[in-house]
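First, one chain by itself in structure tokens, the form predicted alone.
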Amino acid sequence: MSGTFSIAIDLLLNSLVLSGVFLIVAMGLNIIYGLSRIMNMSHGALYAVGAYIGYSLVATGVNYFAALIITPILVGIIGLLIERTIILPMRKRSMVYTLILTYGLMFFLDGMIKHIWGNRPRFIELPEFMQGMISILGTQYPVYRLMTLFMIAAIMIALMLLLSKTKAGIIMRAASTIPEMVSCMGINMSYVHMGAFMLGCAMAGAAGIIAGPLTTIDPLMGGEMLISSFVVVVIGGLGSLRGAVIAAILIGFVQTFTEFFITDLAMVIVFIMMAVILAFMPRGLLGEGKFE
């Protein structure tokens, strides 16, 4: 009985950790789409870039928590360059143009990762106090996985405060629903789009360095995360941040438990669940804004 209870606690906590990583990546994707109607196909590659940048910073002696702050900033700057050079010229065109461009950018970033870091798996060296185990309700659980939950919670709280309590966040929220009004107030929408894109990319970078120590870092990790984050966004509803929270938790639990009981069919079950939900709720659980 105690063994079964320990397994249940492990599965529960692992589900929450996986849900949290999905949530941060999907939030970034949803912020970009909700404000600019851009589906950033390179989002998974930016997640991988965040993991590799975090690895490089820690490998050169930077404290992990300092790297946790620096990495999203650097990935956000990369997002700024992408937005100014690739997204901006295509902004007035159909979403298909940016979809194709960011899809091509995904392969470019994957190639740059292999060129700079190679194909060999990398590992982020954690501080010694984060490498041990801690007893939770009689079961031993990795300290870092538990701290991951607190880091994800801190990021989500910071994001909610940014969007609800700061002038920039309030402008972004207004621009996502009534962009004409924001523009009439004399606010340059180009800067608003730029800020939203940077924020979304920074979220991907933060997820990358948080998820890096949970698994090996390799060039394929971005593609895998892109698929999972798209599933979260679609199930939650395009542009809906609240929907992303519900969908991330749902998918995190379903994927973790199905991987434990029926390993080979985990993603199949997730996609079946997505198909069923969309069959009855085409906009997703809490779809908001323009339906495309």
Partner chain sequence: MNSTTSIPGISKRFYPLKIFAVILILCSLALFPFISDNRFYISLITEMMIYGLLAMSLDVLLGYTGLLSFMHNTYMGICAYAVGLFLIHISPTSLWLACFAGVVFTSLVALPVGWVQVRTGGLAFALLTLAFGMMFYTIVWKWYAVTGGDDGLMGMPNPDITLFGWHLGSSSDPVNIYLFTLTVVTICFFLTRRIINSPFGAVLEAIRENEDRASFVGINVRRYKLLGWMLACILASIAGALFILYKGYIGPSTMSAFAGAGVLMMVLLGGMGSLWGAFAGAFIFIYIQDYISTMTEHWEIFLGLFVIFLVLFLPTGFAGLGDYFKRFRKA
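Positions refer to the first chain, counted from 1. Computed from a predicted structure; not experimentally measured.
Omitted from view is the form predicted together with the partner chain, to which the following refers.
J.: Could you check which residue among 249, 68, 41, 35 gets a heavy atom within 4.5 Å of the partner chain in the predicted bound form?
T.: Looking at 249, 68, 41, 35 one by one, just 41 meets the 4.5 Å heavy-atom criterion.
J.: Check each of 126, 112, 170, 149 and return the one that places a heavy atom within 4.5 angstroms of the partner chain in the predicted bound form.
T.: Selected option: 112.
J.: Taking heavy atoms and a 4.5 Å cut-off, does residue 78 contact the partner chain in the predicted bound form?
T.: No - in the predicted bound form, heavy atoms of residue 78 and the partner chain never come within 4.5 Å of each other.
J.: Given that the partner chain is not shown alongside this chain, does residue 93 nevertheless sit within 4.5 Å of it in the predicted bound form, heavy atom to heavy atom?
T.: Contact check for residue 93: yes, within 4.5 Å of the partner chain in the predicted bound form.
J.: Might residue 278 be said to contact the partner chain in the predicted bound form, defining contact as any heavy atom within 4.5 Å?
T.: Residue-level check for residue 278: yes, a contact with the partner chain.
J.: May I ask you to check whether residue 230 falls inside a 4.5 Å heavy atom distance of the partner chain in the predicted bound form?
T.: Yes, residue 230 lies within 4.5 Å of the partner chain in the predicted bound form.
J.: Should the three residues 27, 182 and 191 be counted as contacting the partner chain in the predicted bound form, with contact defined as a heavy atom within 4.5 Å for each?
T.: Per the other structure, none of 27, 182 and 191 touch the partner chain.
J.: Which single stretch, out of 183-191, 201-209, 84-92, 160-168, brings residue heavy atoms within 4.5 Å of the partner chain in the predicted bound form?
T.: Going by heavy atoms within 4.5 Å, the stretch is 84-92.
J.: Would you give me the residues of 93-119 that have any heavy atom within 4.5 Å of the partner chain in the predicted bound form, in order from first to last?
T.: In sequence order, 93, 95, 96, 97, 99, 100, 101, 103, 104, 105, 107, 108, 110, 111, 112, 114, 115 come within 4.5 Å of the partner.
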